[in-house]
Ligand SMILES: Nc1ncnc2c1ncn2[C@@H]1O[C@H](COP(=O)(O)OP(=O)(O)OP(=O)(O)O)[C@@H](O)[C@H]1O
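Single chain ahead, by itself, as structure tokens, in the form predicted on its own.
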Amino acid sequence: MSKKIKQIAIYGKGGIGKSTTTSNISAALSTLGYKVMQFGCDPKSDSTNTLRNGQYIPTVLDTIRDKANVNAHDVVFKGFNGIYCVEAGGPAPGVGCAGRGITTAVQLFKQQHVFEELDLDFVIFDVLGDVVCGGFAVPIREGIAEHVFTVSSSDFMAVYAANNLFAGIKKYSNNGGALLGGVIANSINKPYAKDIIDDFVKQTKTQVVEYVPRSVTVTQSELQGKTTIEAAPDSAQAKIYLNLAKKIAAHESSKTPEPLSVGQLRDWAAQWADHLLALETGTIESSHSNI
């Protein structure tokens, strides 16, 4: 009997640090001794760059366009510490659906049983989370991913994207869809930012998996084309990513979140805006006060 492969999808608004976080999780898991594949599902095809010293790799869709019969191994490339790297890719600019690359790539790998053949422990899908429709919903809708995590800062648009993701997870939860493992709170450097995220997960009945601060170490590492785990393994930031990877490796029970309606989310955000203004003007002294 073949071993169970843990398949995880990590979503997040564009620019939120999703791919940075995902690549560092992959790198950390590999240093813990796991066999990992990172499956980039963003049309920009840059998910795995820092696992390969800044190098882009041919995408699944580009390869399929070039030749009729594609062996999935032709689009699998080795990265840091033996991590398998794949980029689904997207359509030609201005043509077709950006989510098609995910659907096509996943079908190819499933048909050819690549995950099993490579004897993987983890497959981590790095998925654009601005919209949860069409191909971008494939890891959730079809239950390809067992657990879903979302990367979010305390900024409203990041929270808005996370809430939309929660709605997608809830929609497919009764039909074998993936469930939510929790929120990876990114760029959390101020107490109020932590409080906002904490309140959001409370409102939506989920949890924070890890708080990840913004760090110049990450920027320095990425300028070298590397993850923080590779470039600065003894840094405080690397230890945070390693701890996050351990939590994800140990994670077993995911749940259905309770997303806020658009009106509820707007009201919640307005209350926090008033609360932060009161903090700034000194009307209240602590961001931990009730809003």
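Worth saying up front: this structure is predicted, and the values here are computed from it rather than measured. All residue numbers are counted from 1 along the displayed sequence.
Just so it is clear, the following notes concern the form predicted in complex with the named molecule, a form of the same protein that is not shown.
- Taken together, Thr31, Phe122 and Glu146 are entirely out of contact with the named molecule in the model of the complex: none brings a heavy atom within 4.5 Å.
- Stretch-level contact check against the named molecule in the model of the complex with heavy atoms at 4.5 Å: of 210-218, 111-119, 166-174, 72-80, the positive one is 210-218.
- The closest heavy atom approach of Asn186 to the named molecule in the model of the complex falls within 4.5 Å.
- The named molecule in the model of the complex is not approached by Asp62, whose heavy atoms all lie more than 4.5 angstroms from it.
- A residue is said to contact a partner when one of its heavy atoms sits within 4.5 Å of a partner heavy atom; Asp42 meets this definition for the named molecule in the model of the complex.
- The named molecule in the model of the complex comes within 4.5 Å of a heavy atom belonging to Gln237.
- Residues Lys13, Gly14, Gly15, Ile16, Gly17, Lys18, Ser19, Thr20, Asp42 of 11-43 are found to place at least one heavy atom within 4.5 Å of the named molecule in the model of the complex.
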